[in-house]
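Two versions of one and the same chain are coming, encoded as structure tokens; call them structure 1 and structure 2.
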Structure 1
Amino acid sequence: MKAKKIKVNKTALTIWILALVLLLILSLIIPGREKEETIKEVMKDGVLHEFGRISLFGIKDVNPAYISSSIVVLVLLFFALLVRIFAFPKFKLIPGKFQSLIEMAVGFGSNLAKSNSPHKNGILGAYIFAAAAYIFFGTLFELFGVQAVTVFGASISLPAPLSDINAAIAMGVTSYLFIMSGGISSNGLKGVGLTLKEFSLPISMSFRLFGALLSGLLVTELVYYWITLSFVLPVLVGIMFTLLHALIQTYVLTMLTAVYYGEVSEPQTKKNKKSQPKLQAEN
């Protein structure tokens, strides 16, 4: 029985591999439609969104990344509200699958905060959890292919929020100000000085997020531009880059925030100079 099941699984796997190879060959051989834009224009618009502006409630020239960010935030807040109202009262001492998933996500922020900032970590865990949720699900947002119509009448897929430089800078600066708040609450004005010593931190945070997510966006745009069928290679490349960036950038930014928050929030104690023992003169 077991041997028969393994044989069936091997046959199904072989059929799937052959189908994927066939689709890949067809995507490379079949001629595509005439391109409306050059590859240079496609890549440039992926960065600047000059021709991808959207009209929102009568306001023209709205950046599509802003709409993506608003959707992600509203969905996360709505989900959190549903969990608090309907799921949280039903949580038990022995957790189920959904409760275990929620506890694991919350535990990620809590453990990261406690391990890097033992002196002050209550609010740090909450911030890490919120930032991680926004970065992770904001990055995965582009996989859903939410469509919108530009002011020029063209249809586009809304990008990931952090693939826009403005959103990346806002995330980096927000994390930096949060780190500074931890230094002030623990060490007063000295905390400001400790934080300002790392003046390049918001720049590195911002451009690390922007560069990583933008590279994935541009590679995906390049693949979709040159390959006719939206099967196999474009899908694999898009999912691979998106998932990797979501996981890596979520961990990197939250880890940096926790480490620097722990450094500036550590109580600064004055070191007393040890008095040298006086040598008694021998009689």
Structure 2
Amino acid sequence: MKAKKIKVNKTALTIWILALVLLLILSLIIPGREKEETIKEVMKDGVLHEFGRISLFGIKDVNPAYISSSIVVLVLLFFALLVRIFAFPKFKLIPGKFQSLIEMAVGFGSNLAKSNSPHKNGILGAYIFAAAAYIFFGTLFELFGVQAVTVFGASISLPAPLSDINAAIAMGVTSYLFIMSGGISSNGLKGVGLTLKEFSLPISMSFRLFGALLSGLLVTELVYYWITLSFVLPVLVGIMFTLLHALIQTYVLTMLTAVYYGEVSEPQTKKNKKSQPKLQAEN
């Protein structure tokens, strides 16, 4: 029985190697399509999306990242709805694997909110959960290579939503406004003052997200531009880097939001009382 198993594995291995060699030879022998854009144009369009725009139901031409964003949001909401209808009623006191996964995701938002904003964290956990899902799955979205047709009739692969500066600004500003709402609900006008003190936050958050996602996009564009770099390397660049910065950006933005939210929503009177003995002790 053991010998038979080894024979099957050997056959499969041979077929696999032969297919690889064949595809490699074919891809090197057959001439590629003439490049329509220079690398400069590709990179510029990757950043600015001035030409590769997509029509939104004929109403308006939008950046492809908006279509990506809409798809990600719809898919996530659909998945949530499926979980709510089919899986949630079967949730048990001792969770199974899928239930543990869902609870881990919810627990991530809830625990991050509790640890960074102990005074007020009910809605913060939900915000962190949604932002984490949006950034993580939005970043992974580029791996699927969903195709779309631009207004000029060219086919493009949809990028990650946050590789568009408009999406990054929207995320940064929304997070800033959310932080401000926490400050207002806890400290009233003082909360607004505390939030405004961090006026650079929306800019830094937006550009951090944009920069991180864009750098990944540009490296991928650069690698795919040259056919000779399209073997093996995309596995590392395309998947590993995407996974890595999806995780890192998710953690960074959610952590920053939680920390600033906790800071501005901390009751001020208590803080002053607490900080006095500390200062005395330090002196």
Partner chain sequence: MPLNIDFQQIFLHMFNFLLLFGGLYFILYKPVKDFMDKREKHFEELEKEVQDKLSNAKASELEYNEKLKQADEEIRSKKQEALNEAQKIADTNIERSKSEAEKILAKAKKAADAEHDRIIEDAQREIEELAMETTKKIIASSGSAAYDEFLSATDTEGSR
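Counting starts at 1 and follows the sequence of structure 1. The term rigid core refers to the most C-alpha atoms you can superpose between the two forms while keeping them within 1.5 Å. As the structure is a prediction and not an experimental result, all values here were calculated from the model.
field: Either 1 or 2, the form predicted on its own
entry: Form predicted on its own: structure 1.
query: After the core is overlaid between structures 1 and 2, has the C-alpha of V62 moved by 2 angstroms or more?
result: Yes, because once the rigid core is superposed, the C-alpha of V62 moves 2 Å or more between structures 1 and 2.
- prompt: What's the distance in angstrom the Cα of T14 travels between structures 1 and 2, core superposed?
  reply: C-alpha displacement of T14 between structures 1 and 2: 12.6 Å.
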